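So this first bit is one chain, no partners, the form predicted on its own, shown in structure tokens.
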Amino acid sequence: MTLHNALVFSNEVAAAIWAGSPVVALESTLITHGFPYPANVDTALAMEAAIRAEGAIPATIAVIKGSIKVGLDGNEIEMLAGLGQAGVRKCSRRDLPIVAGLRQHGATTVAGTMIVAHMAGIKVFATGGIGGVHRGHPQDVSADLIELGRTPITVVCAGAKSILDLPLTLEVLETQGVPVLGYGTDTLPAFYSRSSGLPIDQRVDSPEDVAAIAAARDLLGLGHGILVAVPVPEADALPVDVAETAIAQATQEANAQGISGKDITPFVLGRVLELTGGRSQSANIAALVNNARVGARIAVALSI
């Protein structure tokens, strides 16, 4: 069902938005670029199931043959998973007009998903870890941080990916005017691990707290996003020293091999997966599903 000249909504998502029911946006890069098959499909479906279990509707976002789709069905998720990186362009703000105009396939990043969700009238987006400032490359700043400064979406995550420079990432978020909320924590989660030891702007302990802050932002007419940082479930978290040792080695290898730009993140994530014997992927998946659950609770609170 087409509700907007630029967007194509699934019937379920369209009905939920029209009714004012809670909806949670989900990205699609985890399907095409994040995990191997079948973990990519299983994780995407587990996130959708977690959202439904909390009384909200999931809206996985992607571009299929140039159509920006808000809400995918199982066949579309399987199709994207089968195409993978080779057949699907990773889409941030700069890429959306390219894939739409040339009728390509695209998987939305954090920034790309925020843009489409806001266009669709969806207020909450759940993901794993946002992008940030790359270690040793302070000029390499993720578009996710800039988008958070100009698109009023509540983004639920496990912090920034811990392979990044977290202190510098927080500084950029501060410059962009983005409040960083710790969900049940006084420190910034470190993606694979429950705490980086770095401060956040405000601790919140309920979905209602987050909803109140989001509502106040809207009443004030402020156009920035809100970052809700949720620690990975304790049973699945990596000890900080284990995660940091693997990240440091992977980052050193990337620098030694001259890997830079958009190639750094996939290389380092892949090496961390190998160096931790797969434990990093387990932590990542657990965080994604938990963030989807928390995002649904926030969406429900916002809809009341």
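From a predicted model like this one, the values you see are computed outputs, not experimental measurements. Counting begins at 1, following the sequence as shown.
The following text describes the form predicted together with ligand PSU, which does not appear among the structures shown.
Contact with ligand PSU in the predicted complex, defined as a heavy atom within 4.5 Å, holds for exactly one of 29, 251, 40, 60, namely 29. Site annotation in the predicted complex: the residue of 143, 96, 180, 79 reaching within 4.5 Å of ligand PSU with a heavy atom is 143.
The partner is not drawn, yet in the predicted complex one stretch among 103-111, 208-216, 146-154, 182-190 has residues with heavy atoms inside 4.5 Å of ligand PSU: 103-111.
Shown alone here, residue 131 lies within 4.5 Å of ligand PSU in the predicted complex, counting heavy atoms only. Taking the partner from the other structure, ligand PSU in the predicted complex has no heavy atom within 4.5 Å of any heavy atom of residue 135. By the criterion of a heavy atom within 4.5 Å, residue 265 is counted among the residues contacting ligand PSU in the predicted complex. Proximity of residue 269 to ligand PSU in the predicted complex falls within the 4.5 Å heavy atom cutoff.
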